Structures are given as C-alpha cells and as structure tokens.
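In structure tokens, one chain follows: the form predicted alone.
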Amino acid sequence: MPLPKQEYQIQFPTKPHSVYNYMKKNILIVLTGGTIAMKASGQGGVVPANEFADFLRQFPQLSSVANVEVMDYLNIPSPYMTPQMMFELAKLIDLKIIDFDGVVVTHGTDTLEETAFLCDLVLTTRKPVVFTAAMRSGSELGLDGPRNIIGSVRVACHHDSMDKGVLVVMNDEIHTARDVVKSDTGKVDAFMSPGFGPIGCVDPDQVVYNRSTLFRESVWTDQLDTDIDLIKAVAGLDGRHLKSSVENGAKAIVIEAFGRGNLPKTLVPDLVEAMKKNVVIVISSRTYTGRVLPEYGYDGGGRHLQELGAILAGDMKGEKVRLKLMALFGKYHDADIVKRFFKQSSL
C-alpha cells in the first residue's frame, strides 16, 4: 500500500539560496595559540597547553555544523606574533583554502586585530576567512572559546560571508578586520568596531548580516618591508623618538596624533627633516573614532602637517596604518608610489 502523499513530499526552503544551509561545508581550523588554547599551570599563571587541537577534533558540536579539519600550526601567546609571522600565516591560508570552503583561525586577542587586518590586505581568496579567540582560558568558569569557535565555523559556512574580506567573530558578533579593535583587557565583549558597530551577529538559529561594508582594499604582495615605525603623541612630545626612527632606517613613520591630526609645534622641525630624507610620514589619530583631516592651520595642526607633506590616514587606526605601509613598501619599494597609493585610498 503506497504511503500517503504528504508523508513523502519534500518541503524546499522558501528562499532559493537557503538550500545551502542543508549542505555541510568543509572548513579548516588553523590554530595559532592564544588564551583560547591556554590553561592555568601548577606553578601559577595561565600558559599555553597542548591539548586544544585534540579537543576540537573531538568537539561534537563542530561535526554537526561542518566537516572540520584542524591544523595545529602555532601555539604561542599573541604578543609573540610578528608582522612576518602574520604574513606567512596569510600565505598559508591562501594555499590551504583551495581545498576548503572556508578557514577559521584561532588567535590570541592581544594582536588579533593586526593579524586579521594584514591577512585582509594580502589574501587573494574570495572565500570566507574568520578569526576568533577567547577572553577566558580553558581553566576559567564561563569560558567563551568553544562558543566563539562554533560561531566562527557557522559564519565561515554561510554563503553571505563570501567576498566580505577577513571577518572577526567574538561574543556572537561579526566584525570586519579593518574596523575591529580590542577595547577591554578582560571582558568577553572586548571586541568592537568603534563608530560603526558589527556587520552582523550569530544567533542560535541563523547567521544574520545587518549591513554591508563599502570600503575594502587589497595589497597583493610577495613580501613585507617591516622598517615602519609607530609613535603615539602625548603632551610634551619632542623629536627624540622620531630622530631615532630615522637614524635606524625607517622608511615610514606613523604618528598617532591628537584629535583631527594635530601635533605639538616643537615636533615640526624634526618632521620636516625626516621628510627631506624621503621618510614617509603618515598621521592617524589616537582617538577611537573619527577621521584626521586638514582642519587646523596652526603650526603642527593637521592642515599645516599636510601642507608640509605628511599624509593624513583618514579613519584608519595607527597599528593598521603601519601594517598597510609594510605591505605597500614590500610591493612597490618606492616612497613616491606608496604616498600616491595611500593618498588615493585613505577615507
């Protein structure tokens, strides 16, 4: 006797693209260390542990979300991460992602925003690449690492994550690598995108994108030039650090200036001398939100500095400006080309 018709009818999703939700994706998780892979030691203090990769391979919630492969690439505290290590990680991702639908990178929180941004600049893939971390180690109550990993894998599986550049998933929020910063030393909601907010969220039932990103850029290069320095403006700043950078061969110097891009007038002569030696000077702001722009015309003001030849970095944070300059000098090896590129790309 045949089954009643309604018992073998297939109900297709109302939205055509949501059929992807029924297809398991192949996701590579690349481990680089950080608090997410740490535990308290018997001698006191939280230190790297060795069992994190095995934990993920046996994590049942992961296998229900995607076909996951775990690569135990590094296990270091993120303050140990260098720009060259970040660059090598990006090259690894570009190589490995060919065989996967997306990549999730676990990372320490202290330098996550820098590694994610450098990868965003130099990666050539259009597939989802998602960074995540934990603010609490594996020995603490209410650890956030497993939830962040599940959320990141779900984001990496989502069809709308294509062509969005490198993303950062923390505390059920989705951020762009360009805008995200670590804003607190210990809270689980430490990551935010000041002035913009997250582009989406990871809800229990689905991944939701609330807005798109209007500005992305790439610097596809085979190497970095790390002779780039960063100086933060403080009251009474003089030229000692600037002179030291020039004497030690810096090709560019990023200065996190006050407000709209203003500096003490006592620094101006040393800035002029640096630019005479073809050192690129880029001015960002030490504030969390807003742009630097040529508004103030007094000696040391943003307008005055631009007239002298300094480049204003728009709304980009100083540590990310530094990485962008490393990629640009690594690709072009020419200060004039770097200046022209930076002027055209700064918001």
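The first residue of the shown sequence is 1; numbering continues from there. All values derive from a computational prediction rather than experimental measurement.
Beyond the structure shown, there is the form predicted in complex with aspartic acid, which is absent from this document and is the topic of what follows.
The shortest heavy atom separation between P79 and aspartic acid in the model of the complex is within 4.5 Å.
Taking the partner from the other structure, aspartic acid in the model of the complex has no heavy atom within 4.5 Å of any heavy atom of V103. Interface residue remark: G108 is counted as part of the site for aspartic acid in the model of the complex, having a heavy atom within 4.5 Å. Although the partner is absent here, A134 lies within 4.5 Å of aspartic acid in the model of the complex, judged by heavy atoms. Residues within 4.5 angstroms of aspartic acid in the model of the complex, judged by any non-hydrogen atom, belong to 70-78 and to none of the other stretches in 149-157, 70-78, 118-126, 250-258.
Site annotation in the model of the complex: the residue of A66, L56, A310, M38 reaching within 4.5 Å of aspartic acid with a heavy atom is M38.
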